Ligand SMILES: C[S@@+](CC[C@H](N)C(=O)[O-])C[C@H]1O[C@@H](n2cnc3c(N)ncnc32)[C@H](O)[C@@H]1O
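The chain that follows stands alone, in the form predicted alone, written as structure tokens.
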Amino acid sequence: MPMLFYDVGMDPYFDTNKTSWNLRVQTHFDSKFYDVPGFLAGKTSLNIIEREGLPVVSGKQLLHLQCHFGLDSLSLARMGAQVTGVDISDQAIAKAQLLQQQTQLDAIFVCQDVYTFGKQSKQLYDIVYTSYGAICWLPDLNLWAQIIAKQLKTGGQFYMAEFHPILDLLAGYSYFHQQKPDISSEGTYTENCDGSEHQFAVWSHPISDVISALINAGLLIEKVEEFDYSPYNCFENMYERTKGEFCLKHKDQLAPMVYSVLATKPRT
């Protein structure tokens, strides 16, 4: 299958999102939500969903797409992986590199959008990973899935944990994918938000599009799970059912909050 191509330079929304993410990085870095001091003291940033869902990472070469400032990437490196983290925000990558220097963990960080990285990268990985609020920044999931397949070694695995797209619908956005993104100005989701708002462009992706894109890229879907809680208290009207499990009810019924997918690049 020939690799698709997406001209990021022709899409102004990528620059809009990069600028807005850059403006958020220091606020996120200083927040209790991300808890950088806790991470530096030895705490993992990975939640039980991804810790239980990921394949064994020790001794594996792992690619983390859309890594923000690298807490998950470095947490995976603490578990024994050799990690490459990729993110569009140069400010986030600078923070990730600072944390890597402080911890001396086995990780490198690259400032590129996913599509450009996928076009240029020649390295193969045992595992590709992405999580929570990542794919909404991508207009083309077919290319995203092809890049994942391209970066994986034969027999390698892809794992994602992502917010459930039903949350888009409940928030008043389209559940189904549209060519043009939704544009909005919003404050950050961390507790230390100073009231400032930044403009973002996001694309909705139903679960069927995610799974179909991965299948069309030649990956074998091994497992799909849905969860009735989020590990993050970052949506309106949530309540904490038990420690670290934040739920949302719609018409007195629990809404799906997170889903995960595990896929493998077949050997034949």
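Heads up: residue numbers just count along the shown sequence, starting at 1. Just so it is clear, the structure is predicted and the values come from calculations on it, not from any experiment.
Below, we refer to the form predicted in complex with the named molecule, which is not included among the displayed structures.
Interface residue remark: residue 138 is counted as part of the site for the named molecule in the predicted complex, having a heavy atom within 4.5 Å. Contact annotation: residue 66 falls within 4.5 Å of the named molecule in the predicted complex, judged by heavy atom distances. Mapping the unseen interface onto this chain, residue 152 falls outside it, with no heavy atom inside 4.5 Å of the named molecule in the predicted complex. None of the heavy atoms of residue 121 is located within 4.5 Å of the named molecule in the predicted complex. Partner contacts here mean any heavy atom within 4.5 Å of the named molecule in the predicted complex, and among 168 to 176, 152 to 160, 94 to 102, 68 to 76 they occur only in 68 to 76. Contacts between stretch 119 to 135 and the named molecule, counted in the predicted complex as any heavy atom lying within 4.5 Å, involve 131, 132, 133, listed in sequence order.
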